[in-house]
Ligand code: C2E
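Take a look at this single chain in C-alpha cells; it is the form predicted alone.
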Amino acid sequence: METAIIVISLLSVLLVGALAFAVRTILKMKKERLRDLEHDEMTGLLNRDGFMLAGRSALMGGRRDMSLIIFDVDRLGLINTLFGAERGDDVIRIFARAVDTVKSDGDITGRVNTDDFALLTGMDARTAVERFESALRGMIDDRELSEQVNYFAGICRYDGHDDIYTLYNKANLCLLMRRDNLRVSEFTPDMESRMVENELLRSEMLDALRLGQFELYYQPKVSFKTGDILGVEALIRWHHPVKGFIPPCDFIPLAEQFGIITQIDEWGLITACLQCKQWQVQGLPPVKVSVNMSQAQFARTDVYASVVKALEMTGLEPKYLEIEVTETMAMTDVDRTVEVLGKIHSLGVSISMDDFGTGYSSLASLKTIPFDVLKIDRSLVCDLSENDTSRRITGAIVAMGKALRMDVLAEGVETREQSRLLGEIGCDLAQGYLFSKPMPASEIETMLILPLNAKLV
C-alpha cells in the first residue's frame, strides 16, 4: 500500500513537472511566434506593429527627449525597373542597415512600410539624419545604383503629450507636405491645416479632370528667318469654378505628389493632338504642337503606347507632334531614355530637350538620344544683353546644336535686344512674351490666320 502511494506521488510530481515544462514551452513558442510577427522578414527590423508597440512603451516610460524620423526610399519602383527586383531588395536591406547603424541605446528602429523606415531616437534629429546619410552612402558600392538612390526624411519631435501613433502621423505628414524637394522636412503646426487644404485640392483636381475644368493654352514658336509661327507649346491651365485661375506652379507639384500628374499628362497629350488636328481641318496653316512630358509620366507609364494612342484617337500625323523632356529627366537613365524616345521618334514624332543648359547632359548622350530640338533655358536668355558669359554659353549651345543637326530654340525672349542677339548667334526659333504669352486656342487661331510678321532681329 505504502509502495503504491509512493509511486502515485512520484507520478504526480513528474506529471506536474511535465505540465510545467509544457506550459513554459508553449509560452516560449508563443513569445517567439509573437516576436516573429513583430519583425520584418526581409530586414529583421521591427515591422510597423512591432515598432508602434515598442515606441509606445518607450514614450510611456517617461522619456521626453525623443524625435521620430521616417526615412522614405525615393523612386524604389524606378530602381526595380532599372536594376531588377533583387537589386531593389538590396536597397531596402541597405536602408535597414543604415537606419540601424544610427541607433544608440534606447533608440528604436523599424520598417514601417514597403519603402519607409522609422527611427525613434534620443539624439538630435538633424544629427541622426546626417549620420544616416553618411552610413547609407558608405554602404552602396555601385556607382550607377548610388546615383538613383535617394530618400526624404520627415521629423517630428516629441512634445511630451503625443502618443506614438500621433507622432508617426505627424512625421509622415512631413513627407506628404514636402515642397521644393527638400531632403529633410520637420513638422510644424500649420502642416495639418495645409494638409486638409491639399486633400481638398486633390479631390478638386480629380473633379477638374472629370468635369473638363482644365484647359490648354498655347504659346507660339516663331522662326527667326521668316517671323512665321511654326509651332506652339501646349501649357495646362486650371480655371477653378470658385477660386478662379490657379497657377500651374500651385497645382502641378501637388498633382505630382498625389500621383495625379500622369492622368493630367495623358489628358493633355490627347487634347493637344486633337486641337492641332482641328486647326488643320479648319484650313489653318499647319503647325507643330509640342507637349511636355513629366518625370512621373516618363518613369511610371508606357509613354510610347500613350503617344500611339493619342495619334490614333485624333488622326494627327506624327510629324505635327513634338514631345518635350527636360535635360535632367533625359539624363537620369540614358539607356532607357534612348530606348523609349527612340521608339517614339521612329513614329515620326519630334523630340525636344527642354531647359537645356541647366542640367548635366554630355555630348556623347546628345549624339545618342534622338533629339531634334534644343531649347535654351530662359535663365541664359534673361541676361543675354548684360552678361558676356551667358552670350558665350548660348553661342556654344547653338554651335553644338548645329553640329548635331538640331534646331535651337530660345525660351523666355522678352526684349528686342535679346531677340537681336539670339538672331546674330544663329538661333532658329524663339518663344516668349515678346511675341505672345500663352493663350487659349481661339486666340492662337487668330494669330495663325494673321501671322506675326515680326522682325526678330
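Everything quoted here is computed from the prediction, not taken from an experiment. The numbering used is simple: start at 1 and walk along the sequence shown.
The discussion below concerns the form predicted together with the ligand, not included here.
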Exactly one listed stretch (311-319, 236-244, 131-139, 110-118) reaches within 4.5 angstroms of the ligand in the predicted bound form by non-hydrogen atoms, and it is 236-244
None of D100, D72, E327, E324 but one has a heavy atom within 4.5 Å of the ligand in the predicted bound form; the exception is E324
Residue within 4.5 Å of the ligand in the predicted bound form by heavy atom, from R157, R378, R336, K343, is R378
Exercise for the section: Classify Q275 as contacting or not contacting the ligand in the predicted bound form by the rule of any non-hydrogen atom within 4.5 angstroms, answering yes or no. Expected result: no
Exercise. State yes or no: in the predicted bound form, is some non-hydrogen atom of D49 no more than 4.5 angstroms from a non-hydrogen atom of the ligand?
Key: no
With heavy atoms only and a cut-off of 4.5 Å, decide whether E424 touches the ligand in the predicted bound form.
-> no
Does the ligand come within 4.5 Å of any heavy atom of G395 in the predicted bound form?
no
For the three residues S67, D124 and L175, which mark the spot I'm curious about, does each lie within 4.5 Å of the ligand in the predicted bound form through at least one heavy atom? no
Taking the ligand in the predicted bound form and a 4.5 Å non-hydrogen atom cutoff, the residues of 410-433 making contact are E411, G412, V413, E414, G432, Y433
